[in-house]
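The form predicted alone is given below as one chain in structure tokens.
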């Protein structure tokens, strides 16, 4: 299976600009994506713990908060995932398309799995809280999103390894190949667990109920610590499996781990006093910056692996600056709007709960 020829039309903007936009849009997608995967696992754990614990009210409340948040977080994930996928096809199309052909049947499974996972999240957010099917629905959602993660790891890993295509295509032309890389998957999964822990800690610091707040803060800190600590060996393992290494890769792995540790420190400082929501948000921001470092690392891995097969014809330029000017303005406005909506969205459950508590106290008084 030889490499396809370069696109005759050419790129609508310089390659460096398209690559920068790819990293930017992927970073925006990565944040809610990790919250979706890690949050679903955390909500499932909390759901099961609530049923197995003698007093599972705190876990049950945390599960309910997460199930209500996750459908909207998943909507952010899917919406923000469109742009980086389009930029990959634009800049690295001659590598991405053959990989997606080799893994065609699993690649086609992304949409059905997303539909199942998304549907199960809505069932959890609106269904009877005491229903026996809830853990099974949560398990279906978690397995669906983990399946999507595995498919993306398989296809995107194969995108960066054109040297193996010919043998795979000669072995089978049915689109049934699988190229899953465990170090890459663990690299992403540990980040997802850490981000979910940060989200739970933020929920706990904003909760008006003291008992639930303590549980959510401690539980979130434990998950965030586990994700960050395990991310360090997972990241180094992933780094050592790379056939081509850019000089910035190892510093980025170290920076991501360092930012994760800074985030944990912020959560610990937030716990010195009972409630420090601003410090908890700083912790989540630290974890987010660590995720951005990993997004840059991912791009450098791809570029280092593919650069020997990229020719001058692949970077041929046919500029469309008028279109890009409109795109740039809309992109800035969209990023600002999404950031504003996302913060309001995360704060909404705690504010609503606080209003209900105040209303209840006024009625009792």
Partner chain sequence: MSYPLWEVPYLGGGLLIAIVAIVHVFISQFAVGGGLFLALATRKAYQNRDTQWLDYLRHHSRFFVLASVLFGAVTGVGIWFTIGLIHAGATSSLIRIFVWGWAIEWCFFLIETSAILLYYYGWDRVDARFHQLLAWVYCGASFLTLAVINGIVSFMLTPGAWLENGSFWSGVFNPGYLPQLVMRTGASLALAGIYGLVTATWRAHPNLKERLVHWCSKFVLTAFALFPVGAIWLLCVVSPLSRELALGAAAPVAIMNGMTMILSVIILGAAYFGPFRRPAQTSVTFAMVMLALALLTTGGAEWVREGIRKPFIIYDYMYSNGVYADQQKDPKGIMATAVWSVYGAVDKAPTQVAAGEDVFRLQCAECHTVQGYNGVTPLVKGWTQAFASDQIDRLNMLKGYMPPFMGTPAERDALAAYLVQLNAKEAEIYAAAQR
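Positions refer to the first chain, counted from 1. On a predicted model such as this, the values are computed, not experimentally measured, just so you know.
This next part talks about the form predicted together with its partner chain, which is not shown.
- 83 is the sole member of 279, 83, 150, 292 with a non-hydrogen atom within 4.5 Å of its partner chain in the model of the complex.
- Of the listed positions (338, 310, 48, 304), a single one reaches within 4.5 angstroms of its partner chain by any non-hydrogen atom in the model of the complex, namely 338.
- Only one of 103-111, 224-232, 189-197, 204-212 lies within 4.5 Å of its partner chain in the model of the complex by heavy atoms, and it is 103-111.
- The closest heavy atom approach of residue 16 to its partner chain in the model of the complex falls outside 4.5 Å.
- The shortest heavy atom separation between residue 23 and its partner chain in the model of the complex exceeds 4.5 Å.
- Its partner chain in the model of the complex comes within 4.5 Å of no heavy atom belonging to residue 60.
- Remark: residue 261 does not count among the residues lining its partner chain in the model of the complex, judged by a heavy atom distance of 4.5 Å or less.
- The putative spot formed by 137, 183 and 265 is not touched by its partner chain in the model of the complex; no residue has a non-hydrogen atom within 4.5 angstroms of it.
- Residues are counted as partner-facing when one of their heavy atoms sits within 4.5 Å of its partner chain in the model of the complex; in 179-207 not one qualifies.
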